[in-house]
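Here's a solo chain for you in structure tokens, the form predicted on its own.
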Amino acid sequence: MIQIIKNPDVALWPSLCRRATFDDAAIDSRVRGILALVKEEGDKALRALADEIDGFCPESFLVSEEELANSASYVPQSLQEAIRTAKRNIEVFHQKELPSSFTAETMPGVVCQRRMLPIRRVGLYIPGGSAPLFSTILMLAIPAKIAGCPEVILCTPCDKKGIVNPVILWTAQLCGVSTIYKLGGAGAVAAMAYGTETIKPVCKIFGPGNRYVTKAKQYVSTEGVAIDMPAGPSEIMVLADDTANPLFIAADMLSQAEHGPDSQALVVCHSEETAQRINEELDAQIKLLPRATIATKALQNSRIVVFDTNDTSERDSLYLRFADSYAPEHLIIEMKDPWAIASKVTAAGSVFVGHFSPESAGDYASGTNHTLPTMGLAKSFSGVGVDSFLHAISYQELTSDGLELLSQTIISMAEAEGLTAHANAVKVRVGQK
């Protein structure tokens, strides 16, 4: 049974929206050490780390052509077809995201341009532990290819026999990624950021991971290597009225809870009766999960909030304000008129509208991306898309007449800021002293 809070005062909302927190002091120190070691010693450090952490180091970090070729035989045909369907849907959606370059003449003789260019070399990190996230390859490699990134590499852990999960290898190839390294954890992040004898450094790193991976990404992002976004544990919020099905809600909550013990699920509903029925469903469904221990710990971070007003307008307002305060990674709206709420949401990673839009649809195959902002960052960050793999360069060309027309504006502003050299760069061109 998870905690039920009825009609909380607004002053309590920040505490109700608080995520699970952990003391990362030990992780912080360890990650700093790993990054420094790989930066200094390259492949030698990676091999030492593999032996120390995993008890095994592969003969070669690079996945061989033979391993890539053999992977298909280990992936059931039914799963191959499922992945192909998901790939098609993700491609259809992400093709629509491509931004356009443009040119604008801001005044006679002054032409400005913005060009969108693919990032030259990107690195994808794909966890390969208890839940090998091959679906994340689709979410990262597909927009990278649509953006036109010329070099895409992938790092993922291998097992103690040096074998990478074959579904990861097969999916990567399906998405056009064939340069794959048997590397995991903070060491993989360090290798992609700094480069080693084996791995060239990348310009931007994408992908989820444990707290070590997350911390490593945060550190390298301060050293000239971009990352997709700051990321925390997975989270979900469900908004429900009297048409919602507690069976569905519990299933959605558990779909996030099974990610990890620090995941979180929040429900906002209209009655204590509904809240109790959701708790009953949670108790029944969690017993059937192979990852029940993990999910149970995550539910300790979770809660159900009840706003039991009979005024529909007031209820909707409370739902919206609370949802935007939490800014969930995933927001499910199980209500009679879900778009009345969905269209007014201002802070969410991805919104699932209606009774038949489970969060797992977005995680796998509806077409939207599942790499989304967490920890309340949906107030200002977007999920990964094609634009995440692009960068823009602006251009301007001024004719002599154009500069003459604009000169006094530039000179006046530069001199007002005390930047005389800026003003002089214009004056020498237009003949002013």
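Numbering starts at 1 and follows the sequence shown. Treat the numbers as computed from the prediction; the structure is a model and nothing was measured.
Only in words, not in the display: the form predicted in complex with a further copy of the same chain, which the text now covers.
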Heavy atoms within 4.5 Å of a further copy of the same chain in the model of the complex: which stretch among 177-185, 131-139, 305-313, 264-272? 131-139
Among the candidates 324, 151, 159, 280, the residue which, in the model of the complex, approaches a further copy of the same chain to within 4.5 Å (heavy atoms): 324
Of the residues 72, 163, 340, 117, which one places a heavy atom within 4.5 Å of a further copy of the same chain in the model of the complex? 117
Considering only heavy atoms, tell me if residue 60 and a further copy of the same chain come within 4.5 Å of each other in the model of the complex. no
Do residue 403 and a further copy of the same chain share at least one heavy atom pair within 4.5 Å in the model of the complex? yes
Determine whether any heavy atom of residue 38 comes within 4.5 Å of a heavy atom of a further copy of the same chain in the model of the complex, and answer yes or no. no
Given that a further copy of the same chain is not shown alongside this chain, does residue 387 nevertheless sit within 4.5 Å of it in the model of the complex, heavy atom to heavy atom? yes
Candidate spot 1, 55 and 173, all three in 4.5 Å heavy atom range of a further copy of the same chain in the model of the complex? no
Quick one: name the residues from 379-400 with any non-hydrogen atom within 4.5 angstroms of a further copy of the same chain in the model of the complex. 379, 380, 381, 382, 383, 384, 385, 387, 390, 391, 392, 393, 394, 395, 396, 397, 398, 399, 400
